[in-house]
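What follows is a single chain, given as structure tokens, in the form predicted alone.
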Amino acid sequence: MSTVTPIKDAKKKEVVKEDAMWIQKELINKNYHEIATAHETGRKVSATFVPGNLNELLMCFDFARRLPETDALQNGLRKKSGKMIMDAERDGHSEDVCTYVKTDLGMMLQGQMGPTGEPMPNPDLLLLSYTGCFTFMKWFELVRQKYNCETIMLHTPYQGDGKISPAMRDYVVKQIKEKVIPACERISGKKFDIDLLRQYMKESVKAEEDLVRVLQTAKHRPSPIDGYFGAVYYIGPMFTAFRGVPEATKFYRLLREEVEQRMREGKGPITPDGEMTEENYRLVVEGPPNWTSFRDFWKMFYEEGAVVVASTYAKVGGVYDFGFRHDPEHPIESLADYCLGCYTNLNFPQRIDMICKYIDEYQADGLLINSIKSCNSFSAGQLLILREVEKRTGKPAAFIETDLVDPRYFSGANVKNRLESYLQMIKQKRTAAAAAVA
């Protein structure tokens, strides 16, 4: 049975969470504790990025798994990132550098105390799975100087032609077999076991299937989920260190049961203020959220009855709703396909096709783009995306502007004004359409 539980936040306000959200929080905290105590327990630590991460493979070598973007966004949610960013800028890093990077560097300068208050040990391996974000390469160049540990680059060809060719797949497979696996064996002291990899992938497939079912419930009216703000909680275990473990399988099964129950009962999404009871607007959102004012950002939407039925950010760690599943029968080839198919590795026509498909299948009123000041991987080309989506769907599109984890670049009043203006535009188009029919 699905339940929601009110808790008190730091400002003593009641915040409502679903059961699955509690489990997600426990999993994330558990992983931070495993990282913090890894060297004490004889384990090695890896650091890798979310898009194209080889989580199942790293588990075969018993690495405790850090994800620098997750560290940064968790520090942003906890209001810690602002000082870290300013410390990094005082250390010589430009104001225009990705604020995830500066938060990570600032955390080092502050003694590497992690988001949950436990110290973060130096990684033994930096595994760079390059999937469309050039910043990743420069990021690991910088932290390698600090950590003085081995760095492996898994180069992933960009889908310039909009498809994965056999040569591209073979190129990535060759790197995994000849570079990544031998380095992991040497650093961890453990031999690679392909049957263990297959077992992890079997768990991944179960979780991936349930996640897709959850995200696709937003096609229902009213949507029982928010596919952007709410989806942040849903994608956490899958996109980080838990894809492939039984705990993640359990999480996604419980989540699916909760969401499908709400759908059957005709209920809307659960927000920090409780159930959203009135669905006035259905939106598709492109771009990551702002983390430092996450709850205030979300509130601007649900107070207007605006629910996000689909978002590209919820696909940044895997485009599962377009058919991809890890394949235990061909595990290494499957890892290659996963890296090649990540959202940031898709070309602009593919991204536009995806958004148009979401607007059509989820019966959305339009597209809203959150343009992130310091994230070129998402922000580059967004004006082109906006114009093409408007032209192809006939639905209105608009921009808002924030940043990932830099509180200096979140203007609540500005965002609220733009959002309200956009929703008013949608309302006017509806009125005009109704008058034309009459």
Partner chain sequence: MTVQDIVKRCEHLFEDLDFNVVSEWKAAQPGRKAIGYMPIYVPREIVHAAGMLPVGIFGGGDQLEVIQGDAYYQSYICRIPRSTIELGLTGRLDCLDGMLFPSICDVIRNLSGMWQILFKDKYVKYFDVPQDYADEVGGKFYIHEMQALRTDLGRLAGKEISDEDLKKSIAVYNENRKAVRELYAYRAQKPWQAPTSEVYLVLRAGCVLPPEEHTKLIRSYIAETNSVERPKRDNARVVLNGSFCEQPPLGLIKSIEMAGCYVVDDDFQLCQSWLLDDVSVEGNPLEELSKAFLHRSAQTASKYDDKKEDKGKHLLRQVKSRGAEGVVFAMASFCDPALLERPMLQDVLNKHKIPYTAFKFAENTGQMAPIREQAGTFADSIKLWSAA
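Numbering follows the first chain given and starts at 1. None of the values given here were measured: they were computed from a predicted structure.
The following text describes the form predicted together with its partner chain, which does not appear among the structures shown.
The three marked residues, His93, Pro157 and Lys179, each reach its partner chain in the predicted bound form, with a heavy atom inside 4.5 Å.
Judged by heavy atoms within 4.5 Å of its partner chain in the predicted bound form, the contact stretch among the candidates 62 to 70, 22 to 30, 380 to 388, 39 to 47 is 380 to 388.
For the chain shown alone, Pro349 is a contact residue for its partner chain in the predicted bound form, at least one non-hydrogen atom being within 4.5 angstroms. At the 4.5 Å threshold, heavy atoms of Glu185 stay clear of its partner chain in the predicted bound form, well away from it. For Cys98, a non-hydrogen atom is located within 4.5 Å of its partner chain in the predicted bound form, even though that partner is not displayed.
For the chain shown alone, Phe322 is not a contact residue for its partner chain in the predicted bound form, no non-hydrogen atom being within 4.5 angstroms.
Note on the partner interface in the predicted bound form: the residue among Gln199, Thr116, Thr217, Thr151 having a heavy atom within 4.5 angstroms of its partner chain is Thr151. Residue in contact with its partner chain in the predicted bound form (any heavy atom within 4.5 Å), chosen from Lys174, Lys79, Lys190, Arg264: Lys174.
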